[in-house]
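Have a look below at one chain only, the form predicted on its own, in structure tokens format.
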Amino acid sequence: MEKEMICIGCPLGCNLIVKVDGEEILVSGNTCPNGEKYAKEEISNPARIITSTVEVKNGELTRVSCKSQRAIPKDKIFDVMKEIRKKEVVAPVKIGDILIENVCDTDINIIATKNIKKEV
């Protein structure tokens, strides 16, 4: 199998050609080691950082931005988003607070990325 992709490992955005032959993954077109690493991970275990919002009760704002602490396997993204949509937190919320621990048994936490003060 041969696949073309654009690397997102650094700002250069190299055009990569990835050849998969059994267990062997050969990458060409990258100008730095990040390209090879990105392509191999994308082929063998694709994952993404999730960003979203969670509902806040009694806060100055009604939602708080959040993200996964690490990349979530792509096959778990829809399940993780369902959990995020169900979650409600109570103000105050601080940047870095864990909003959902071990989301969908991934050993990855969903954390707040904004401070939300309690409603006055």
Partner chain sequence: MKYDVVIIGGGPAGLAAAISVKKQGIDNILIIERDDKLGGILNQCIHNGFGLHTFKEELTGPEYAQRYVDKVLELDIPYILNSMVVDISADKKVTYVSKQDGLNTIEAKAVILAMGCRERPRGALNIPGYRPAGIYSAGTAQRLMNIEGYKVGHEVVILGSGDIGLIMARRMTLEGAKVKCVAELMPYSGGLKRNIVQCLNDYNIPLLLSHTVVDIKGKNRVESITLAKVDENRKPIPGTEKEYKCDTLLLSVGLLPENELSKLADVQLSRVTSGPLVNDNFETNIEGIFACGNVLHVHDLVDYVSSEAELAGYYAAKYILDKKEHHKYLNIDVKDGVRYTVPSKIDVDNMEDRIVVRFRVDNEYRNKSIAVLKNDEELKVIKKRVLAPGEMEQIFLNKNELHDAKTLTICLKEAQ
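The structure displayed is predicted, hence computed values, not measured ones. Between two forms, the rigid core is the largest collection of C-alphas that superpose within 1.5 Å. Numbering follows the first chain given and starts at 1.
Keep in mind the form predicted together with the partner chain is missing from the figure; the text below concerns it.
Using a 4.5 Å cutoff between non-hydrogen atoms, I98 does not count as a contact of the partner chain in the model of the complex. At a distance threshold of 4.5 angstroms between non-hydrogen atoms, L26 is out of contact with the partner chain in the model of the complex.
Using a 4.5 Å cutoff between non-hydrogen atoms, I17 does not count as a contact of the partner chain in the model of the complex. Contact check for T31: a heavy atom falls within 4.5 Å of the partner chain in the model of the complex. A heavy atom within 4.5 Å of the partner chain in the model of the complex is found for exactly one of R48, K87, K40, K57: R48. Along 60 to 99, these residues reach a heavy atom to within 4.5 Å of the partner chain in the model of the complex: E60, L61, T62, R63, S65, K67, K74, I77, F78, M81, R85, I95.
Taking 2 Å as the criterion, M81 does not count as shifted between this form and the one not shown: its C-alpha moves by less than this amount when the rigid core is aligned.
Once both forms are fitted on their rigid core, the CA atom of C32 lies 2 Å or more apart between this form and the one not shown.
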